[in-house]
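Given as structure tokens, the chain that follows is alone and in the form predicted on its own.
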Amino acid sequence: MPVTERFNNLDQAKQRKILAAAVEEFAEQGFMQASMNRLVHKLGIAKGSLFQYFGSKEGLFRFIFEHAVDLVRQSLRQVKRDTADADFFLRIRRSLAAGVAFIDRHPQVYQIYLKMIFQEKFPYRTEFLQQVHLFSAEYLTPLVEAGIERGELRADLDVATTVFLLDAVLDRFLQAYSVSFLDAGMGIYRAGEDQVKERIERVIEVLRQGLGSSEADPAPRSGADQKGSKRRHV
């Protein structure tokens, strides 16, 4: 059920309070164990008001999910704008760094995503996860196509397969940053800023070796925005 005008007409401070409390509840409890009673107790509002705003627990969760997707879209749109003239591998590097920064800014939002993947089944789970990866494909496909067109990527690459690979690599990297058993010895889990930059650089170099065009000029590690430096930083 879509969010009602009743919620949209609340002042922004109250909207943010409800949103923050709902994110916290779903992040800590997951969908099945999340309690609307506990939530209204935290918020100090009538339970009926919450149902008037969102219709159901499923409606509230859908709102949280759509809010999270919008936050990610905003972040990646900024990356795309800032790197419009940059080479493909710098754009992927910046995208991955933006993902790490997003987790640092919104850890509970990302925790909800992890619970969707690993911990439980609930209404719309398949739909939500499909949306996540379809959005990723929509973001990555133009980057790959531009990289091939500009000779930065191999001309014989299949775009859909390349996008699938990139989505898997980026998603797993971010999961490993947040989940210890997915680190697999990479040293990504809760790593400091410098270590994360170095691990991103390792991933980018492997991608460059596999996907990069042999005819393209070797891109300096300094990147387009840090000319003259011997090592590129995210």
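Rigid core here is just the name for the largest C-alpha set that superposes within 1.5 Å across the two forms. Don't overthink the numbering: it's just position in the shown sequence, from 1. Here the structure is a predicted model, which is why all the values come from computation and not from measurement.
Beyond what is shown, the protein has a form predicted together with the DNA; the following relates to that form.
Although the partner is absent here, Ala46 sits close enough that one of its heavy atoms falls within 4.5 Å of the DNA in the model of the complex. Within this chain, Ser35 lines the site of the DNA in the model of the complex, having a heavy atom no more than 4.5 Å away. Taking non-hydrogen atoms only, Leu10 approaches the DNA to within 4.5 angstroms in the model of the complex. When the DNA is considered in the model of the complex, Ser180 lies well away from it, no heavy atom lying within 4.5 Å. Remark: of stretches 203 to 211, 46 to 54, 187 to 195, 61 to 69, the one touching the DNA in the model of the complex is 46 to 54 (heavy atom within 4.5 Å). Core-superposed comparison between the shown form and the other one: the CA of Ser56 exceeds or equals a 2 Å shift.
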